[in-house]
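Shown next as structure tokens: one chain only, the form predicted alone.
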Amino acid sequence: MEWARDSLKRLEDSREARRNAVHEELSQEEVDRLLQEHHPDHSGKGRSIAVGANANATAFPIELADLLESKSRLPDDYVPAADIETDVLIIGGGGAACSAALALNESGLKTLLCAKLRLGDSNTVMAEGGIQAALGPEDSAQRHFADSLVGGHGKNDPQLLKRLCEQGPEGIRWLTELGCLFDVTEEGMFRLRLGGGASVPRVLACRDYTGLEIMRTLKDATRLTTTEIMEDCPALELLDDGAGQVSGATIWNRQKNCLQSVSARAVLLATGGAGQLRFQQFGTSNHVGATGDGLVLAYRQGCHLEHGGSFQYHPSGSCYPEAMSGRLVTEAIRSVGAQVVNNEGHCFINELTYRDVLAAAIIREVREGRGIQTPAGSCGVWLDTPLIDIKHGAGTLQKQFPGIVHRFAPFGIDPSQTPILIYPTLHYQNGGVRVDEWCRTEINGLWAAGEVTGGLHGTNRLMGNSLLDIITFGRRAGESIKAQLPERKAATRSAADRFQRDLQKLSESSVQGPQLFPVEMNMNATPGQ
């Protein structure tokens, strides 16, 4: 990194002075101004949509608004038939989908899980830092609730958040019994880390691949159930009975390259987030299937989308080398001492403040000329990772964050010796389908769980609450479906067709949705071709 020699020299020269420095917290007025001026959610680059439950009421990112007003991917003359019949249809292949499938196991219900890609290909595996649960001696569900409510700017659904925090310890017990291996101390107790915005250490981790370990556990357990699993089967449209009840879905079986309609008494959407839509051309930490499909499908059925314009830009996305652009550098690495430092060698903010505030502060540094520009033209700030070993002893970073060390090694970068260049990356969908505490949407027969839903996290999620979300509400969705399974109804495309007619009265969209794959991949997204 000879190109950054002068900047790195300034960083090293300032290290001793800032090593134990304590930053003053920003006032609420300073936080509000920072977010308004620099956070992407407030850039003004969004628009409202003309039809549906959120018509003329919510400004969505333009890329998402176009998809919410898109044409169906089903051929005009396609008439659904019950090619497959099941009691419960789960659409999704990540942590929420598997948690629901496990909750439904041994219920006597026939359950079909349709994964867009392979089982386990999801944002769950991309989560590195950990999972929150109030297990510490000075912690409680009430304290977890208070931290999350403040972090979400008070816009969280209190009933959803209450359930999340109350069921944290039980979720960890359940995962442990399934075989998930969390880090422990020498005394055999769970090792708890401090997360940004948390008042006490509350984050359990599996080194820096927590989501991968949780997904491994859930996937293995799900494969041992009676759940039928169909992979490479993205959903193109939800089906309904013509009288307000969702009754199945039409999927694209990509292995057979044909459409198949599924008749189901209950449908659970667990389709994850939308980071691959890459709003405002931000890089993303999301997996390849995260294109917001569930939002499009639910919206056509009449579901409201909560906080539809709120997305989380993780402060520490990798900025260099370019092949790593957008890849996540876990927040946990800041909790053990890595500082954010600008081109002048200044640590400009508390690195454990809320994610949206830190992301906005980094964007401000770059916009105001205090960023570090790479030879390819990207710009970011330093994450002073060598401080970890300086503070805690040689080998600490390698031991606690082997994934990060492994990922940068092919590029000749050793994070224990050289700082990492970072810039915010599109990471999480704060908003989504409106649900109640049992994951029921406003439409009979349709449930939703995980990142596709909105309300739980307000407009800014705390680290570790997303993995707890998929465990808590995936299981609750399964329990709710068992208790309230509707009768089987006819499977038609009435609601989707009605939405299209309403749309055509106002405009003729050339966009087809759901998008299914990132535009950059240029993949075929048309069944039969």
Partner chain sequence: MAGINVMSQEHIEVIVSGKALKARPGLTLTHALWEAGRAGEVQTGCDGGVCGACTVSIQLKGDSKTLIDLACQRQVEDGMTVFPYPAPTIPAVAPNREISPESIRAAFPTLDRCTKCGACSMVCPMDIPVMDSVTRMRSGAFEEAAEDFTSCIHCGQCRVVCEDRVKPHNMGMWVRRSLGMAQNWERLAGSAVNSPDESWDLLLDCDEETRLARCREFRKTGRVES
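Just so you know, these numbers come straight off a predicted model, no measurement behind them. Positions refer to the first chain, counted from 1.
Not on display, but discussed next: the form predicted together with its partner chain.
Although its partner chain is omitted here, in the model of the complex none of N444, L503 and K505 has a heavy atom within 4.5 Å of it. Segments offered: 114-122, 423-431, 450-458, 84-92. Contacting its partner chain in the model of the complex at heavy atom distances within 4.5 Å is 114-122. Although the partner is absent here, Q36 lies well away from its partner chain in the model of the complex, with no heavy atom inside 4.5 Å. Contact annotation for A394: none of its heavy atoms lies within 4.5 Å of its partner chain in the model of the complex. With a 4.5 Å cutoff on heavy atoms, R278 counts as touching its partner chain in the model of the complex. A residue is said to contact a partner when one of its heavy atoms sits within 4.5 Å of a partner heavy atom; T217 meets this definition for its partner chain in the model of the complex. Comment: its partner chain is not present in this chain, but in the model of the complex one of I363, L387, I333, A221 has a heavy atom within 4.5 Å of it, namely A221. Comment: its partner chain is not present in this chain, but in the model of the complex one of L181, M230, A243, C258 has a heavy atom within 4.5 Å of it, namely L181. Taking its partner chain as it sits in the model of the complex, the stretch 123-148 comes within 4.5 angstroms of it through a non-hydrogen atom at V125, M126, A134, L135, D139, S140, A141, Q142, R143, F145, A146, D147.
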